[in-house]
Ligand code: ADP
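Shown next as structure tokens: one chain only, the form predicted on its own.
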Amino acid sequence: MKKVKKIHIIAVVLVISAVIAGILFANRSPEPEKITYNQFLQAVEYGNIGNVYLGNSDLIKGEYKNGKTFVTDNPRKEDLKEFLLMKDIEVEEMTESIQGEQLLSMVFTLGVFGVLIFVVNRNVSKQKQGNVGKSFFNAVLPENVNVNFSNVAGNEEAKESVQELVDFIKNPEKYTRYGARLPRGVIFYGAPGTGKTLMAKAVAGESGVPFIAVSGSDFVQVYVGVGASRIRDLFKKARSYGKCVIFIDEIDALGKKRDGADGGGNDERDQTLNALLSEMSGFQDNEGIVVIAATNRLDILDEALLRPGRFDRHIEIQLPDVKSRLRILELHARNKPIDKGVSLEKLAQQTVYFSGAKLENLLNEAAILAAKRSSGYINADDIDRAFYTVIAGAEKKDRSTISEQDRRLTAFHEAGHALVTKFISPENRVSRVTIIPSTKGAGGFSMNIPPDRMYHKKKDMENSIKIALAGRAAEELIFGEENITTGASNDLEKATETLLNMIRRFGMNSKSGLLNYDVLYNNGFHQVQNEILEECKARMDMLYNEVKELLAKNIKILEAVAESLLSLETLDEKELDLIIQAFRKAG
């Protein structure tokens, strides 16, 4: 087909070139004879001149009576025309504009060239678009996955919700007999790394159907229409396999809420989204094709995507609880030589708010550390080092450039975090306090592990703000306000975000009331920004002063913890508790 197209293009070019050459040849006239003005006057006297064409140019054009043409200089005499007419010579006035035949020839020539350029560009554009689409969909091959629900630890509620999908795909007739239709689409949403892709693979694996995986960003292209074409080709390909699971990761790349300010629905992304909506509406109830999409931000998706008949079900893939974390750790530990002294139960309790991907990475880091030692097994020390590597980064080996003053400042900063945690949130675990810098740029850290909670109480959120402010408060208390450092930048960021959510979203403030300020802002009440800012500043100052007072009352304990950190560099929870208990007994 490509060769035939090339032959057709070459033939068209040759024909057009021949036509242009013929036109130019036909319009070509012989060069006129160049004569002097005296020769011209002699020819006039002898009666040899037939026609003369006068104009505003520097030359006079004319024809002899035998048909030959000539040109001569134009003297620009006012009586020249009268003189020639008296000699019975026909005189025509000429303007400098292009004559009719010349104009027609020029327009025709330009038109032919325009058509030629249009045909060539159109073929090149089609070829580029075709190549873009073909190269993508030749690479998208269905995958026969060997993953089932036994490979997905945790998220029992989500697994139960998608069990019906598996039965729908396997036995669609069973449900159509009752008038039930197969859900056309399912959206998995949740934090990154919680296992959305794995759950989609498990649906395909349990159903025994092909799994076609694409990303939302694959459909956002430079060429207009390519994304919509890819969507149509994807669903056409899926229908050729009969029953299958289409998985679209990062669907927010093409499914964001449409806004009239974004081009009124005429841009490439909106065309692609419209094509997806159209294809999903065109499903037959018994086709056995299920579209599963994944996103981290369900709130930014277009409402047309989320309505029944498109993505019927929205299933949250949550962070695992302690039991689920234990199952995930056991799952990833099956092919690893774990030492018998390692307690996965203890590790599961320690890894609060870890996603499934983060837990897998933790064991993988531990395996790498064990392989470096060539010990033959992964021990508790490997897992402990891997845990803090995942959280704060690897320990910085070269610490020669760190001054003693910086070490002291870091020691008091981290001691402040640890003590305030112990004083106001005793249910939190402080598993480690260290002043060893990490490769992620931290000068040290205090590991604060809260208990598993479904909800966060107002008191808990205020305590988390106080814990974040404790490092800066300790710096100011010991070294003075003029010597506070940039070490609290990340702490202040976390504290500000928590406080802003309390006031703006959760209504945890008597002055601002139970209003959600995000809703107010979206409805045009932009002046509320100043109210939020003033309230946040007042509350933050109040909480900071409370932290400083608490540390000032326990300054002896703060100094003792800091001195222990300077000598040992790292304290675990038992060592920290012993220091606190010793002072409390003495007091």
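Heads up: residue numbers just count along the shown sequence, starting at 1. Bear in mind the structure is a predicted one, so any value in this text is a computation, not a measurement.
Keep in mind the form predicted in complex with the ligand is missing from the figure; the text below concerns it.
Although the partner is absent here, Ile338 lies well away from the ligand in the model of the complex, with no heavy atom inside 4.5 Å.
In the model of the complex, the ligand lies farther than 4.5 Å from every heavy atom of Gly513. In the model of the complex, the ligand lies farther than 4.5 Å from every heavy atom of Gly480.
Residue contact with the ligand in the model of the complex: Thr72 places no heavy atom within 4.5 Å of it.
Proximity to the ligand in the model of the complex holds for none of Lys466, Ala495 and Cys536, with the criterion being a heavy atom within 4.5 Å.
The contact with the ligand in the model of the complex, taken as any heavy atom within 4.5 Å, belongs to Leu198 out of Leu369, Leu198, Leu234, Leu347. This chain is displayed alone, yet in the model of the complex one of Leu331, Ile315, Leu301, Cys244 has a heavy atom within 4.5 Å of the ligand; that residue is Leu331.
Screening 184-192, 381-389, 84-92, 307-315 for residues having heavy atoms within 4.5 Å of the ligand in the model of the complex returns a single hit, 184-192. Although the ligand is not shown here, in the model of the complex the stretch 357-389 places heavy atoms of Ala357, Glu360 within 4.5 Å of it, in sequence order.
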